[in-house]
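Take a look at the structure tokens below, where one protein chain is shown in two forms, each on its own, as structure 1 and structure 2.
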Structure 1
């Protein structure tokens, strides 16, 4: 494992540990990682990168789906995390929400990372539709708290992650492949040589206030592969989950030595047009790996939304600016030589008080 990396992959709970093991097997390289769970069985393979949460409280038996027990276990063991955090600047936390350790411990772990100045990205799955309202209600409540604590949060419904597969085994395999592609993109963009590089500190700064996000990954080949990649991303159900305006996009283009400049431009322009309206922050980096991506073009897109409150403020600010501009234009038309022509208008109840009342209210004066 690369202990000198400033990025750390953390799997929380049974689902999180399973996902991290799958990510490691699919990445084809070493990632600095840590598995944490209240169930001692998650560490049965003897990996040194495993931390048992709440050993004194739960004796390694897990939480039985109790979110509060998981939070208390994480609080008990928070200081034990420190030995795994030396030099870490960015943490990608993977968990499953809905009940148990992933739901309860993730929040406390993210809060502990913040005390060390570590920027956190939480990539969490939410329950299948058939799992019942109770688990969905737990997921929504926990997700809101995690979103407030983490620097960036990407929530993915398992129904969307499964990619429309009918068989459970195939659905889980497809979902894990998709999640692995998104999670490992951070390492690939920073640590794998490419024509366009993204250094770790720049990535950390971008994520620091990213907020709520969503992602998708596609892989195509043959003529017109860049155009098809954009078309598939636009149709992706995981990118359709968002409700607010896209504020920033991080895009990774992974290909072999046959990557063309025009293909990079097609992907960048297509994503900005489809999702950003040309006004969002956009960062793109490439990974050139002939052995892994020969003949293929794989695109991973992560998008982060502007908070609803911020959008409301921006709309109100824009509306206020338009009103002020209209008031200035009315003043210049009514009083061409006014000494207030170049000063900001005094607006009250949508009226410019610098304009005389008889003019504002269209009152005819008789002399």
Structure 2
């Protein structure tokens, strides 16, 4: 394992560990990584880079879908996690949302990383439609919290990753495989750089305030391959998901020795025009690897919607509007005929000062 890298790949929960194994076998070389799970079975292949979360609390049996148990287990094991973090500056956390561990432990791990100044990017799947409401509830409940805690978050619905599969078994396999293949390409950009580099520190700076993201990869070949790559990316369901304007794009072009400058230009211009409205931060890196990409042109595109700082301000704005609205509703319920019922509340320390103290503090007055 490459211990001196400042970039660490962390797989959380059953699906997260499976994805990391998929990335390792595709990458083929040394890659700094860690598998974490509440289920001892994820470490069964004797990987030294395995951390069992909450061993005393859960006895290595997993959480049975309980997010709270996973959060507590991750908190119990925080100091053990530290043993794997020496020198790490950027962590890529992969998980499947929907169960207990991938959802709950990911949240706590990302918060813990932040206390060490480690920038985190979470790449997680959200459940297939057929998985049932319980798993969707788990996923929805935690996704916003993970987005708040991580520097950048890319959530990919499994339905988008394995949309073309009819059979359930194939869909399950293809879903995680597709994300692992995409993440491997991304890793190659940093670890096996070509003529235009994307080093870990540059990536860290871009990810630091990136916010919500989307992610897609394509591979084409033959004449017009660059144009076709752009067309396929424009049609990609995982990129069509966004709701806001794209603010920054990280684009990787992976090819053999026949990569032409004009092709790089076609891909860069095509993505900037299609997704960034021509004006967004754009970072491009290439990998030239004749053995792996002979005759192919693969493009990995990562797009982020808004700087985290700005998102936070927007969130703060809507949060204070919500708080004010809730205070007004509370006041109407407490003192329905008050002359203040329809005026703006005076909020101090989250308390509505227009409501008498004995009502705010639930004190019963005795006459």
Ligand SMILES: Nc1nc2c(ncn2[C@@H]2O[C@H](COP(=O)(O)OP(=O)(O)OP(=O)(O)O)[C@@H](O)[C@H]2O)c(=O)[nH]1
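Values in this document were obtained by computation on a predicted structure and should not be read as measured data. What we label the rigid core is the largest C-alpha set whose atoms superpose within 1.5 Å from one form to the other. Positions refer to the first chain, counted from 1.
A.B. asks: Does the form predicted alone correspond to structure 1 or to structure 2?
C.D. replies: Form predicted alone: structure 1.
A.B. asks: Superposing on the rigid core, does the Cα of residue 129 end up 2 Å or more away between structure 1 and structure 2?
C.D. replies: It does not reach a 2 Å shift.
A.B. asks: When the rigid core is used for the superposition, does residue 156 move between structure 1 and structure 2 (threshold: C-alpha shift of 2 Å or more)?
C.D. replies: Shift of 2 Å or more: no.
A.B. asks: Classify residue 118 as shifted (yes) or not shifted (no) between structure 1 and structure 2, where shifted means its C-alpha moves by 2 Å or more with the rigid core superposed.
C.D. replies: No; residue 118 is a residue whose C-alpha shifts by less than 2 Å between structure 1 and structure 2 when the cores are overlaid.
A.B. asks: After fitting the core, how far does the CA of residue 171 move between structure 1 and structure 2, in Å?
C.D. replies: Displacement of the C-alpha, rigid core superposed: 3.2 Å.
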